[in-house]
Structure formats: C-alpha cells, structure tokens
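The chain that follows stands alone, in the form predicted on its own, written as structure tokens.
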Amino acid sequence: MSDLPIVNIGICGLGTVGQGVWKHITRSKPKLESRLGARLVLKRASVRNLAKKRGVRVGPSRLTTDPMAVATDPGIQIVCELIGGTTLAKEITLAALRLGKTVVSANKALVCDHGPEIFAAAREHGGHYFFEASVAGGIPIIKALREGLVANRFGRIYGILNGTCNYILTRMERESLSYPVILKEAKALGYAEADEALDVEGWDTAHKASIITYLAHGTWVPTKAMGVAGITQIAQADIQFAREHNLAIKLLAVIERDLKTDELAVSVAPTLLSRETALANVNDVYNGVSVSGDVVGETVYIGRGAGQDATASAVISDIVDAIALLLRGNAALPEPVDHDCPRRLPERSVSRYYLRLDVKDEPGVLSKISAATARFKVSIASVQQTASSRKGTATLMLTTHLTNEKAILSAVTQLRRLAGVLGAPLLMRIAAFEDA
C-alpha cells in the first residue's frame, strides 16, 4: 500500500454534506483505495468556526477558516466546493481550476449562474469540474445524460427535483392537512429551511432544470427565462380534485424540445400528473426524473434527492471519477457542444389545464367566467363547485380542452380582473406525458 500514489483531497465547507463526504470516505477508504490503486488522503478542510463540535473527528491541524487556502494548496489535487452560495464559492472554484486542479461541487446555483465561465476556466487551464451532486442528490442523472444516454436526442425530460416540495405535497394528500400546517412540521423535522422560499416557490427546481437543459441540449436557459411557479397556492380542494380524477399534484421541471424544429421550452410548476405514470407515485423526500430519448425511449430514475448521505454519495462518485482521471489519464468527459435552441413560443405550447377560482356565490358569476375564457378561445371541458369556508363564496374548479399557453395565461389575467373573482386563480397544467 505504501507504494501506491497518493491523492490529496481538500474540502471547502465542512457542513452537513462536507461531514458526510468526510465520514463515508474515511469509512470506505480500504475499499476505495483497493479499487482505485491509490491512497486517499483527506488533507485539509475549511470551516467557519474551529471550535464547533461536529459529527466527524478531524484533527485540528487539518482545519482552517480559509477556504481559499484549501483551494490553492499545491499539495491538494482534488478540491470539493461544498460551502454553497455563488460569491466565495465561485472565487475558490475559479482559483482551483486556474491552477489546473479538479473541482467537485454540489452547488446547483453556482453551476446555473456561472456554468459557462467555470467550464471555460477548466478548459483553458487543464482543470476539471464535476457536479453530479448538484442535481437530484443520490440519483446519477448527470452521469446518465453525459454517458449512458449520449447516443440520444431528448424530446422530453421531466422530473421531481425538490424533496421539500414533494414531502409537503405527499403529506397534504395523505393526511388532508393544509399547506401551512405541513410546512411548519417540515421545518421542525429539518426537511425545509427556515426561509423556505427557494424551495417552495420553485427556484431550487429551476436551478436544477437549467443544469439538466444544458447537459441535454447544450444551451443555457437562465431561470429568469423560464416560467416558474411554486406550491404555496395548493389547497385541499386541489388535492381532492386530483384524487377524484386519478391524478397527483407534483412540482415538476419540464424540459421539452421539438426534435424537428429544435424549439425548446423549460418550465417549473405544480402539475397534475396521471397516476399511471411512475413519477406520480414518487413520494416523500424522494426525487424522480423521466428522460425520453429518440433511441432508448423512456428511462426513469428515482431516489433520495437530498440529505447528507444521498448528496455525499454523489460527491464521492465524482471524486472516484476524478481520481481515475488523474491516475490513468482518461479523457475527461466533454461538455455538450453549445447549441442555440430557439425558445418555443407560448402559442405553440398546447395542453389541457386545471383552473381553481374562489368566487362570490351569486348569479351571473359563472357566465362572466365563461365569457372571459371564450374571449381567448379557451374551451371549458368541465366545471365543479364546492362550498367555501367563507360565507357568500364558492370554489370553482374548471378544466379546459386543449388550449395554448398564451391563450390560457391571457384568460387568467382577464379572470383576475372580474369583480366576482376573489384573489388569484390557481392554474395547473394537466400533463399527458403518457399519451405522447
């Protein structure tokens, strides 16, 4: 063993994920070293507070409060960036890549916001950047797109990419409790952050969708160019409607590309999904991704989407690939060739929709709603009314026939202005992926 080459690893950020990586590498060292033919040394780690108690034992000589010192240490070949954020994380990533090092990251926001700059730095200076853990935790979706499915063009990729939202929606369905009640309990259990907005408003999922879009299609779609909606408006009336129609509500990232015209559409929104699909039955903190390729057909990936162990597993997988690259000189996986896909116009996106409105319970309201939708050629397929907890009000749940996105959004804007409509309507796509 003493004759084996030594690979030194540095970890910037010894938080939950960083400690998981340290713990599992330490525990699995004999197996990993035998497989790789190298000695793995966890050389240094950066922390914010040297005195803080941690779940792993790290000698004081291997700790520092300066992550840049870890990133630029000449004795460290692999740098794990696990501090999060997009400011300091970007600085240490670029510093390491400019020294020709390999960087492993779980930072979805960093990849989404600065991916082109990071990949360019890696190419220019001979470094390498691995980021499997940035999307869907323990599901190897990035590796699947870059390696296993490389022969394919992808017409549709859709997935549940946020465990917090999926946990909340699952419990709302199972226990008939309201969104605020479940959110409070999710925070207490550690499934939701103190500031839950990034998760429940859809932005965490949007960051991941941006990364998947680049890997699948070679084009960057920033989150501001997507339609992004979260789950904060979902109520028990919606859950009950889904149950009665053999549907499930899931926060989905949907990436669709017309393989004839090259038009691309990326969105994040709560969606009604048939129970006949695999992802409709992915519950709790699990994630699931469906990938449809023109060669392989549909493949589905399901697993834990977050948490210390799932994310650490993905980080260590990248570390193993990085070590193989360093020791054997294997060619690094090429990044997708940049490709400028035109964006699909809203009037070319066609679907059925579900619309919930709280309205005044008085004559003429339904006719006004029908007139408003008809103005934009949105055809109503069904109407269901339930009692509201507020006196003098009712809840209407409508479904549409096939209509385009521009028309339904225009109709919703018009409905918001009607005197009989109370508050913002809830709009959800009724997906028909199984029919495609």
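Every value quoted in this text rests on a predicted model; they were computed, and no experiment measured them. For the two forms, the rigid core is made up of the largest set of C-alpha atoms that agree within 1.5 Å on superposition. Residues carry their position along the shown sequence, with the first being 1.
Just so it is clear, the following notes concern the form predicted in complex with a small molecule, a form of the same protein that is not shown.
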Candidate stretches 90 to 98, 219 to 227, 240 to 248, 156 to 164, one within 4.5 Å of the small molecule in the predicted complex by heavy atom: 156 to 164
Lys108: touches the small molecule in the predicted complex, heavy atom cutoff 4.5 angstroms: yes
Tyr214: touches the small molecule in the predicted complex, heavy atom cutoff 4.5 angstroms: no
Touches the small molecule in the predicted complex: Lys208 (any heavy atom, 4.5 Å): yes
The small molecule contact in the predicted complex: Asp309, any heavy atom under 4.5 Å: no
Listed residue (Ala192, Ile231, Ile255, Ile76) with a non-hydrogen atom within 4.5 angstroms of the small molecule in the predicted complex: Ala192
Core-superposed comparison between this form and the one not shown, Leu183 Cα displacement 2 Å or beyond: yes
